[in-house]
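Below sits a lone chain in structure tokens, taken as the form predicted alone.
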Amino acid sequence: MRAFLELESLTRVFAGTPAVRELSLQVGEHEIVTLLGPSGCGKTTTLRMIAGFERPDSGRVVVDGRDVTGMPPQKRGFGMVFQHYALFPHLSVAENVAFGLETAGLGKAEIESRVGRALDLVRLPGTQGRSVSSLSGGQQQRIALARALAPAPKVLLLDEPLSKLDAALREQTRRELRSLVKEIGMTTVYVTHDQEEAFDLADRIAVLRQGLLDQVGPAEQLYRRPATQFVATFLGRAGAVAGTVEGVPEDGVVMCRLGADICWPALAPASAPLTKGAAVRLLARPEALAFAPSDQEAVLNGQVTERRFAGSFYVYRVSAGGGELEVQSDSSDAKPGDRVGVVPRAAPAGLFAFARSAGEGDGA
């Protein structure tokens, strides 16, 4: 896929504190890339640098081979939808969608045509004369999207546009949004802190942490082969126990000794090779573990501290090996306080070994 939008070593510092550090990312033509991470990780600052509202201290923004880093926002031809829709309550739907088209020097007939086309795209045809205050939250979100689409932008930028909607409407709207963007064929960068939203919308996800890009790739790749401890724990759930590397990793798999007679295989990060005897933190997805008799081979014994009903299954928190693991089970037999044995279901899938720093001590 041809790179249409390129971020080259973007850095932005506020009051001596880096908000974004040497961030490089390529977004393909017609691709949807989500910037995902916790509050304060640099997502919105990155989006604002792409849009031109923030000037990077270093680095470049390149669109279709053209450096636009010094170009003002209105000259970039991008569409933007914000968390706050910023619709004008005193204007009609048509006037809101047309806002900005008049200054582009378009004639009345062309403006009316673009407004109608944009409203058709967001599934709100014939609403031109309505007041925006008469619309639901989901409809207002789509009007804001129509306004961004009306100028036929090269790039669409969205900053948590669904965060004000309730859960059911948010799920419906994000699926409609992905379908719409794919139908139009638009290069899109979407900012969110919601993992489920990122999984639903994105072709690829870029995970940010403290201004750094930790990993970028399809959702399944990030979930199944996280490059860092942060990605492993931020995407999905993962319990942890301390261990020691037993032997040299082979084909990306390392044996982790968790006790005198207990070794579990785990996936090792390619970016940070592990050596024999290294102290590691073994992270395990709940669905990667199962209960087993305490005398079974490679079983890790522990005590149930919590049981949670999760619809079609139960999730148990188990204190074991100096750390805490979570086990997903169809059975509700185990209760808090029970002694249980835990083993991997299909190791090394869902098990990840990362180097443990000296400050983490022997516990997980």
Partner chain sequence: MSGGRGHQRMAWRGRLLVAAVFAILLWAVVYPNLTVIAESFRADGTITLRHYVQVFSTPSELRALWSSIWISAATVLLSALIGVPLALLFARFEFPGRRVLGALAAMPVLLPPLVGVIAILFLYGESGVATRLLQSFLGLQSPPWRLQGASAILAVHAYSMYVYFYLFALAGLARLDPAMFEAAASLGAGNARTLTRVVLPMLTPSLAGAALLTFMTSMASFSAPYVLGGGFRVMTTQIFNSKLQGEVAMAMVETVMLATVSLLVLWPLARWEGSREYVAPSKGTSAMRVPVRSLWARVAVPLAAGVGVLVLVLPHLTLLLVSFVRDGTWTTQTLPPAYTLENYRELFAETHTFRPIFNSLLMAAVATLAALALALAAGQLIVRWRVRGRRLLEGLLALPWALPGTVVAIALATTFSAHQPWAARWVLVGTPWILILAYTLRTLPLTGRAALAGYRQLDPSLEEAAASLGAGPWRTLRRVTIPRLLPAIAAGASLAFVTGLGEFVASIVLYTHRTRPISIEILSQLRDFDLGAAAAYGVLLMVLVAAAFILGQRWVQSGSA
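Positions refer to the first chain, counted from 1. Since this is a predicted model, take the numbers as computed values, not measurements. Rigid core (definition): largest C-alpha set, two forms, superposition within 1.5 Å.
Beyond the structure shown, there is the form predicted in complex with the partner chain, which is absent from this document and is the topic of what follows.
Asker: With a cut-off of 4.5 Å between heavy atoms, is residue 73 one of the residues that contacts the partner chain in the predicted complex?
Answerer: Yes, residue 73 sits close enough to the partner chain in the predicted complex that at least one of its heavy atoms falls within 4.5 Å.
Asker: Can you tell me if residue 124 lies within 4.5 angstroms of the partner chain in the predicted complex, counting non-hydrogen atoms only?
Answerer: Judged by the heavy-atom cut-off of 4.5 Å, residue 124 is well away from the partner chain in the predicted complex.
Asker: May I ask you to state whether residue 55 is within 4.5 Å of the partner chain in the predicted complex, using heavy atom distances?
Answerer: Contact check for residue 55: yes, within 4.5 Å of the partner chain in the predicted complex.
Asker: Taking any heavy atom pair closer than or equal to 4.5 Å as contact, tell me whether residue 142 reaches the partner chain in the predicted complex.
Answerer: Close contact is absent here: in the predicted complex, residue 142 is far from the partner chain, nothing within 4.5 Å, heavy atoms only.
Asker: Quick one: which of 47-55, 321-329, 301-309, 32-40 gets within 4.5 Å of the partner chain in the predicted complex, going by heavy atoms?
Answerer: Among the listed stretches, the partner-contacting one is 47-55.
Asker: Counting any non-hydrogen atom inside 4.5 Å, which residue from 107, 293, 89, 277 sits next to the partner chain in the predicted complex?
Answerer: Contact residue from the list: 89.
Asker: Could you spot which one of 151, 217, 116, 259 gets a heavy atom to within 4.5 Å of the partner chain in the predicted complex?
Answerer: If I apply the 4.5 Å criterion carefully, the residue I get is 151.
Asker: Determine whether the C-alpha of residue 92 shifts by 2 Å or more between this form and the one not shown once the rigid core is superposed.
Answerer: Moves: yes, 2 Å or greater.
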